[in-house]
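Taken one at a time, structure 1 and structure 2 that follow are two forms of one protein chain, written as structure tokens.
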Structure 1
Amino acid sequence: MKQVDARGLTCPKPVIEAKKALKENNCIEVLVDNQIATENLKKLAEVKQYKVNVIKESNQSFKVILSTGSSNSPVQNNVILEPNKSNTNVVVAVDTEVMGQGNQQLGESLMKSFIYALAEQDFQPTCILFYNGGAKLTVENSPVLEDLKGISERGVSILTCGACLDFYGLTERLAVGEITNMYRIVELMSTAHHVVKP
């Protein structure tokens, strides 16, 4: 596959380089160093009806695979979460609204500072999964909502178990990220290099 190194280039240069390369290739891989550039490449794909995959390797390293779809291309039209080769594929699994066992109030406060500290890290996980009691953290009035929104803006998927939201009657109140299911949770946890649990 043709590779276009657009790292260090400001928008719209990554888009221009990608368009040039796509004149002669059906499928290309564009390297960029910021999230905004991936978003502009995704818009190019939308407008031109190309298939697109975005692979986030770190906050400063992204691969965007674009395919014109005119050949048997390996690219599916979705955003894949797992980097190819990776020591960076970390999934955070939150299964309760408190951190650790013991005092409830302390546990709540620890969870709040865990999410805050996570938001402050340079390194970000691929996704954060919320299930069982954890599902109470991604809904309206959650004490960690603002930090989660910040993390989400940096391109981290915030995924909450749909059955769990349903069980607690919170489906309508989901305030950040998306709903997911057990198949996806199993897939994400089993393909992760590390699963971090607070």
Structure 2
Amino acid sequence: MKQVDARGLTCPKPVIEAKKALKENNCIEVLVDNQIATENLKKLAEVKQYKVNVIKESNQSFKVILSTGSSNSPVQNNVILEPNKSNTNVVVAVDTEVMGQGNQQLGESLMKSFIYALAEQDFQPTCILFYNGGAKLTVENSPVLEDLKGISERGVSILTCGACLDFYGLTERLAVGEITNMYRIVELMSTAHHVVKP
């Protein structure tokens, strides 16, 4: 059985590492060091219809066994792991450099995790729109720049509001994607099947 040591990794990395391992293995054992990670892995199993078994060894040591089916049968990637692509026009709208309201530091960390998790998804959105404070994420020295470049290389349009970049004095520092305008932003959001806003 493939073992994934996810101890010390922050959310959502244990889930992402488990998903990667399950692409090549029918059954894996994930080592985690907190209860929240076990709940996230159980949620993954629920969504993907995997079998799951959690073994608590101590308050800081858990084993989560995930199985896609028979451990003797070959992996059926196309059947088990293929995401639902029935609605392919998904737009992600980012209007701030933090995720949620409350603590600024936590919000920055959550936004970084959101972009990282987005980059690791099997299914990618049509485009990601950045406007107002979100425009600060697509410029030089952004903490999510490398993940955004990876997403862009997969064919996702990264579009940043030009008026917003100008307002913050960041136009010359745009480091990924292209500049867009409010007409295009409204058009993309109004014609999308789903708009995801972190």
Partner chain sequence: MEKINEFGGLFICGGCNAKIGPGNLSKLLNGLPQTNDDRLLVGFDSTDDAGVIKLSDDVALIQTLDFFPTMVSDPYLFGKIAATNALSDVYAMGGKVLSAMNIVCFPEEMDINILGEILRGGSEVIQEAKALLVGGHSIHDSTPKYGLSVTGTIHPDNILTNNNCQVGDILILTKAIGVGIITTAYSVGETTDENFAEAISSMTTLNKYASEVIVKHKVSSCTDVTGFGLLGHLSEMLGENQTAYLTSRDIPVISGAYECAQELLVTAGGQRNRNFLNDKVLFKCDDFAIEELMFDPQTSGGLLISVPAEYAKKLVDELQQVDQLASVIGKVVELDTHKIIIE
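These figures come from a predicted structure and were not determined experimentally. Heads up, when I say rigid core I mean the largest set of C-alphas that superpose within 1.5 Å between the two forms. Numbering runs along the sequence of structure 1, starting at 1.
Of the two forms shown, the one predicted on its own is structure 2, not structure 1. After superposing the rigid core, the C-alpha of Glu146 moves by less than 2 Å between the two structures. Relative to the superposed core, Ile179 undergoes a C-alpha shift smaller than 2 Å between the two structures. Relative to the superposed core, Ser190 undergoes a C-alpha shift smaller than 2 Å between the two structures. Aligning the rigid core leaves the CA of Tyr50 displaced by 47.2 Å between the two structures.
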